[in-house]
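We begin with a single chain expressed as structure tokens, specifically the form predicted alone.
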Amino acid sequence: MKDVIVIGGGPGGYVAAIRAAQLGASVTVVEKENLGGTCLNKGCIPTKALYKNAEVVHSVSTMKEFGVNIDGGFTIDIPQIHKRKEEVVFKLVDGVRRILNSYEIETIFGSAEIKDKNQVVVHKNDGETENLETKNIIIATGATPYIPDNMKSDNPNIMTSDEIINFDHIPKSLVIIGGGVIGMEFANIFHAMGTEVHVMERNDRILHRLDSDLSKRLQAHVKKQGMKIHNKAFVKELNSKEDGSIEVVGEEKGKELILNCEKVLVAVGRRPNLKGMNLENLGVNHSLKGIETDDNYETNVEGIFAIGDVLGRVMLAHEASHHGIIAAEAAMNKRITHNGSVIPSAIFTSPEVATVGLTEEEAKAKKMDYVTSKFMFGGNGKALAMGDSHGFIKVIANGDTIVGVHIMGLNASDLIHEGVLAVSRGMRIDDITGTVHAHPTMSEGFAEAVMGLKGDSIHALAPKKK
């Protein structure tokens, strides 16, 4: 009998397996497709590889600004783009395999069916069936793209993120339905490579869950770059034409909207993978939105845990990994990791966006006596020298305590972690302003933004006298 069976080998599942093994557990991971799950194979990693391609294309396109001239232009090699992407994915997936093997974690490839809280049946990919007994089960089956009924089609040019990631050519035109994280990251990738991109978003701005200062400024920036953003817009139907192209019929701000395009990306959200888990017969509390758990990610059935996207909450790989560590420790009755509630997010648009803690809208809703400060990267020496001074750092404080940090700009996904420490540890303004930041760096902008909470920012114009 195993101590732990983990169903799903993504960033939640394989991390849970490793942590359980570190605590002395005998562990089996059951994975239907590839280790690493959506993140390593279809999501976070391959999209970031493509993001780098988009960044390189942008850099080449703007080289004249840096005194570098390329006569005759340049071409984009699609097979080489995918070759590089697949090499990156292979290295990471193989790295996960090696780590699991080093901890003597058994990996079985197939579909799992939970018979009861101590028995899992695996229908292996080679056609065989194996019965496994265990003391604990951790469900980490992730989520899949959601396609509304009015957008389902046999037309291969109507795609989700799973399909478009393997594009065989750069489309002339692309309509993206959904202006959330997935939609905007792909919008950035294809726009940089020359595609005419339209984004349809139901809300009044893209990435509407972000602090409004961030999302409004990013929307203005991408529109200035030539991307077409349609707010308060929704799709009524998708009509396939004889040549395979698509007519998108919908509304924008109450008026008819018709867009003709080569390809459509449906990016309206993801739904938890619950198929085959037998949750009803097990008595596990759940809904179509996801599985219910306690703070240790244990369900109402003792010994059955659920982590990551299958919970239907915030779907982030690093949050799933954190869940996995906590669930593994709980399964082994060794609670070590604190259940961190401060989870950062990073969005790989151009420029990058990253955020942690409360937005200003959330601070208002809580009726906090808060203050905000922004430092524009136009006043940062490193940003100017790098030729990328778009964006800012915004800090929110409740009294003297930092409660939110929001960044738009170069390397925002890396810069956010000083903000994560500040918010998660309840740091005060003086904790940051009393810390020397190296020059010239983007991180100076965080110190300047925090200094601005008291009107003390050095590299900003003096506050207007009242």
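From 1 onward, residues are counted along the sequence shown. The structure presented is a predicted model; accordingly, all values stated were derived computationally and were not measured.
Form predicted in complex with a small molecule: not shown, discussed below.
- Note on contacts: among L274, V268, I246, L358, the single residue with a heavy atom within 4.5 Å of the small molecule in the predicted bound form is V268.
- Proximity to the small molecule in the predicted bound form, taken as a non-hydrogen atom within 4.5 angstroms, holds for one residue of A233, L218, I326, I229, which is A233.
- The closest heavy atom approach of P351 to the small molecule in the predicted bound form falls outside 4.5 Å.
- Put simply, A320 is far from the small molecule in the predicted bound form: not one heavy atom of it is within 4.5 Å.
- Taking the partner from elsewhere, G142 is found to have every heavy atom lying beyond 4.5 Å of the small molecule in the predicted bound form.
- Remark: M151 counts among the residues lining the small molecule in the predicted bound form, judged by a heavy atom distance of 4.5 Å or less.
- The partner is not drawn, yet in the predicted bound form one stretch among 362 to 370, 174 to 182, 128 to 136, 381 to 389 has residues with heavy atoms inside 4.5 Å of the small molecule: 174 to 182.
- Proximity to the small molecule in the predicted bound form holds for none of L210, K223 and M408, with the criterion being a heavy atom within 4.5 Å.
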